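Given next, in structure tokens, is a single chain: the form predicted alone.
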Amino acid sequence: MNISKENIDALNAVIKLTVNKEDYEQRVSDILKDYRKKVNMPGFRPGKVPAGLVKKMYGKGVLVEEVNKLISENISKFITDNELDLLGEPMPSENQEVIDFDTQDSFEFSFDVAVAPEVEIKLTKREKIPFYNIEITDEMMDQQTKSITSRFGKSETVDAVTETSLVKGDFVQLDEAGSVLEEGIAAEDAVLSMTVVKTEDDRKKLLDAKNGDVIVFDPKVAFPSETEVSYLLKITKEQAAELCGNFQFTIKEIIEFNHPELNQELFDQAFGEGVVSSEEEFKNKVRENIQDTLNQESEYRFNLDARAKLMKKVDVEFPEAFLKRWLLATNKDNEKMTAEQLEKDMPHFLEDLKWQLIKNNLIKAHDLKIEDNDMLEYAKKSARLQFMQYGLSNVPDEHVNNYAVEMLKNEEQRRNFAEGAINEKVMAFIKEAVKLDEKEVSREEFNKLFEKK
């Protein structure tokens, strides 16, 4: 088999290969022999169908399949052996001559390929990239404390409505005269939260009310959204949009959520037995949790700023015509991927591709590698985040580790964790290579950074 690469320009090339009879003849023959042993045909005993008849029936299909396998195997080997850095995958050339498998015994194939442009990134301490440290405020401490303690609080029935009560009762629609509307809307056991009542007048009506009291108000005025109204009255959003007028609300139960006291029982529930043993240690742990979250946000912002900085240092051209053709071909089953949509998405795609080339250069130039342990640590972080979403912040390390190991057994998740781990290594390298311009900012100032973008 002959295989070679011809450069069209700096970014485009053609891989040509010739598949000769001696390349595929033995493979095809062996498969047809195997077919002959297995094929069932009326008039012939198993394994006794004439070889010529088997070849006539299956020969062309086997030939095409084996030639395609040879093409795939040899192109992959050629790319690897020659260390070709390509974008996308080889595509049958638009100038490919028609192949006739019935009359030819040697076949010439041409595949268009896109060559990745060369990118080189040099970083020194002369490069300054901002790193924002977000200030921890008393309000953050209070919110985080409530978030932690609310997981271990208790709901209790109380005698009168307060500013924070959940109030259960029955709604009945009234007519203009204030009487119960026949065949009007009625909702039993609706639960309203005092924290979302919008108007001061309606809040005053409800405050200090007791079981059995009947309160009259307009839900569309009292509550902030049609979604809330539809939920309370158990009607559709469309019905809520057209709704007007008063309802009577008969109170059946008043529920108050009580946060637990800051004591050893709570400390053990929140952080594990014996980890925290005083209010001061509890506050330090709360601050530590907040700091961990803020550090993640700071790192995310640094990633954006580092990417923008490095992207400005690189000016590259891409083989856009090939990439568009390749993207359309590989997404042909995606109805949303039209030529028009691709034109709109192409700038974003090229930006991502440019960033990938920059990362690849840093990985190769500085021998950045990930080991199994790197993926495990990344998987453990992912596991902890999942647990925290369910309010589980003190899951034992052993359980986190076992969960991460199980996730890594899934091939797709393993690839995602590998990608995440190498991205972290790239960013860690950039962080060490440049000068960090550290800035102390408030939460409001930090959020405004994203508004500017």
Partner chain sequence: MKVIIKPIVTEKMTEQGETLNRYGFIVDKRANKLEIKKAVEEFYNISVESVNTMVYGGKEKTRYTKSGIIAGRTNSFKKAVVTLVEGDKIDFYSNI
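Not measured: the values here are computed from a predicted model. Positions refer to the first chain, counted from 1.
What comes next is about the form predicted together with its partner chain, which does not appear here.
Only one segment in the set 408-416, 380-388, 50-58, 423-431 has any non-hydrogen atom within 4.5 angstroms of its partner chain in the predicted complex, and it is 50-58. Among residues of the shown chain, Arg27 is not one whose heavy atoms approach its partner chain to within 4.5 Å in the predicted complex.
Along 34-48, these residues reach a heavy atom to within 4.5 Å of its partner chain in the predicted complex: Arg36, Phe44, Arg45, Lys48.
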